[in-house]
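Below sits a lone chain in structure tokens, taken as the form predicted alone.
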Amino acid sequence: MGSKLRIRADELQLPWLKAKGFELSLGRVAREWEEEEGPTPMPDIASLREWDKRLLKRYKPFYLPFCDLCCLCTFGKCDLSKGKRGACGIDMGGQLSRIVLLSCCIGASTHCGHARHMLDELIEKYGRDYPLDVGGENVYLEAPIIRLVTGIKPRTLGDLEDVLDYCETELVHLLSCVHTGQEGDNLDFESKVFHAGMIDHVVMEVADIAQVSAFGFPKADPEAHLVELGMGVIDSSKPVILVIGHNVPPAIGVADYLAKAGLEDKVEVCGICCTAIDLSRYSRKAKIVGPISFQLRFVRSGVADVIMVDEQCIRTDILQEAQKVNAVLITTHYKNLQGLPDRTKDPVDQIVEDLVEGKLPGAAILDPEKAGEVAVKVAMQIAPKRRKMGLIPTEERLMEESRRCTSCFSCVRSCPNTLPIPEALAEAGRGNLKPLSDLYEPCVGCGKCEQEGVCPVGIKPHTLIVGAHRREIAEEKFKMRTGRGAIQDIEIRRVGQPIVMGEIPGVVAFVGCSNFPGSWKEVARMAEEFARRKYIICTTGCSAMAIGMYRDENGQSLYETYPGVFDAGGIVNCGSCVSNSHIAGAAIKIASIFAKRRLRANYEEIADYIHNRVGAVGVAWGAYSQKASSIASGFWRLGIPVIVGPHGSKYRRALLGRKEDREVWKVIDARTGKEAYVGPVPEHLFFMAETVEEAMVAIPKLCMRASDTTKGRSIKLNHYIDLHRRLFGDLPDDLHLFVRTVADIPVTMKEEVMAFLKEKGWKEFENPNPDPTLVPRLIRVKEG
């Protein structure tokens, strides 16, 4: 399959035609590709339904309704409790899976819209023929997800347009499925959820390989540079520009203008969330404040003179928050205009004058380069006037405010983490600020405790918590490795066999938002634990920042202690949210490069390989947005399990395996065509852990696979048993389900484990090492 031939001209004048904005599309241009096309190029909603059903047979959806009503149409409200159906006929299972699909469509559409916006801008600037390059000679297989799903082998920015055309079509069809009077079966809704997730991974890959290629980000570089991280690294003596969001071109506009004007050392540029990571991939001068949860606290510190926002993960009250500290807000994306006037076509000097003189609280500037120039000029002129006006109180004022608390606990009821705010305020009122300061790390920075009507006497708990932590904030000075992008082919060749054999015990991806149930350091603790155990650690986005904001026993961040290579014991920061595609891409590459499975448009076979052989698990400890659900569902379709933290239960659904049901844990031995029981590996596809300890024990268990060699299974069992015993004090009660043969048992634990197995009446598996598959057409030889 090739790409469409597109010709576009701003003005076209021929003897017989005059046209503006001319565009011509000429079908598809066939291109040679050495690999034969697989069975599912550009799959539609139903193409991979049978594969989805195989997974859903193992991992049945478990729903957690918090509302018995459907309110989506004017037939209702319809009560769906106790087996009742709505006026359209839908039941509770269908309704809840329908809502999950809606959430995933929102998430995937958000990434797709981001990719389209980014690609259009890059094509306008660099042209359709601009070559894709994500790693030079180190990355021959440069777009594994796109190749796998669409069958397209993209070489240029223009080739990515066809990919997005396909994805946009699929998302429209998926969204139409949630309309009243469409799908009624919950498992078919779940299959569509998987489809949305797969599309999400495709569009994330489009966005990242486009920006890596065009902006010159690190290209699959394990030694990508270290970036300063934390509120304490921001030099507030300079004019400060804060960038927030996910679409980096406007922030690059700031960096480019500073370089062009020779002002790089005169103005501080810092960021929050994924724009910050992507800006740091572009400019070594950029600094990262922290994850999304730092947004409110840093804005209220008053350090930023200009706040520039683009799209996604931005507080919708950012204009009001900016006005509280007299900072100027510049919006740069039509998705987030904040009610500000569009000044895109006005002269730069006029916009600057209006903003500096306070005639406007901010402006929408939809030209990234102009927005960058305006931001710099405004920051330099207003910084001396603002004098870093902030809202964080002095210690004396803080103690005075704390004494007004009536201990009504209204703030506690509004807090997602149920923090003990009244007790901490009582201590602060007596002059002891430590309990209040200790709430800083588990506070997710949502500000719900300060909303109107929560506190009857008007106390602002979040602001007081930040104030109590003022001295520690000044010492928030860390380093993280910026996003490296893709995984090199040579790295895959090096680790492919040890991963599939189980000798590298697993790949653990810590991804997602910062809606953590406790301190952000919990993510870092988990990453450090498994890096020490020689798992491969991957990370992106806010979780990558959380891992950086932790010092080990030597006073260094984990990025300074552990290498950035995709190998045992490495901690690999791939980049921003859209860089999650490189984690899925690495699993796909193992099947393609190491196992030499056909990649092109061959989704089912590759997913079957990954599910049965690649010990990988995702951990989204602070899962928060609709994007998190679509990212997770993309991993599910590849058969990769995902663990979320306690707040993940608010997604209202899990995909849980029934480990005692032997029938669902049978695979087909591709060598013989016979069924073989392999145990519950991996046990769940979507699982919520209530505590860090529960997650840490689940990780090694969910990395077990049907293809593990005895040596590999022994290594994985060693980690599972060791962690369970250390954290819970005894052997796992389901250990007998994962020991296939005596040779699987770790030597140092053999006597103890054998005694346990005897109590359970354990017997060796009849076929402990099948060539596992769930797909009958992949049977190579049938007996008889």
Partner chain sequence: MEPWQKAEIPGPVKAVLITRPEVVAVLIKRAKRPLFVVGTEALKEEGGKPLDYAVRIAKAGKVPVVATAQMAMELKKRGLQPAARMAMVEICSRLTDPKWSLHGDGQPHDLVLMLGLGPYYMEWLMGSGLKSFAPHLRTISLNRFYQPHCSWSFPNLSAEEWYKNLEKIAEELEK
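Residue numbers count along the first chain shown, from 1. The shown structure was predicted, so the numbers you read here are calculated from the model rather than taken from an experiment.
The form predicted together with the partner chain is left out here; the points below concern that form.
- The shortest heavy atom separation between residue 660 and the partner chain in the model of the complex is within 4.5 Å.
- Contact annotation for residue 565: none of its heavy atoms lies within 4.5 Å of the partner chain in the model of the complex.
- Residue 687 belongs to the set of residues with a heavy atom inside 4.5 Å of the partner chain in the model of the complex.
- Contact between residue 75 and the partner chain in the model of the complex is not found at the 4.5 Å heavy atom cutoff.
- For the options 727, 743, 46, 755, the one in contact with the partner chain in the model of the complex, meaning a heavy atom within 4.5 Å, is 727.
- The contact residue chosen from 691, 320, 497, 556 relative to the partner chain in the model of the complex is 691, the criterion being a non-hydrogen atom within 4.5 angstroms.
- Comparing 281-289, 409-417, 262-270, 481-489 against the partner chain in the model of the complex, the single stretch with non-hydrogen atoms within 4.5 angstroms of it is 409-417.
- Heavy atoms closer than or equal to 4.5 Å to the partner chain in the model of the complex belong, across 106-131, to no residue whatsoever.
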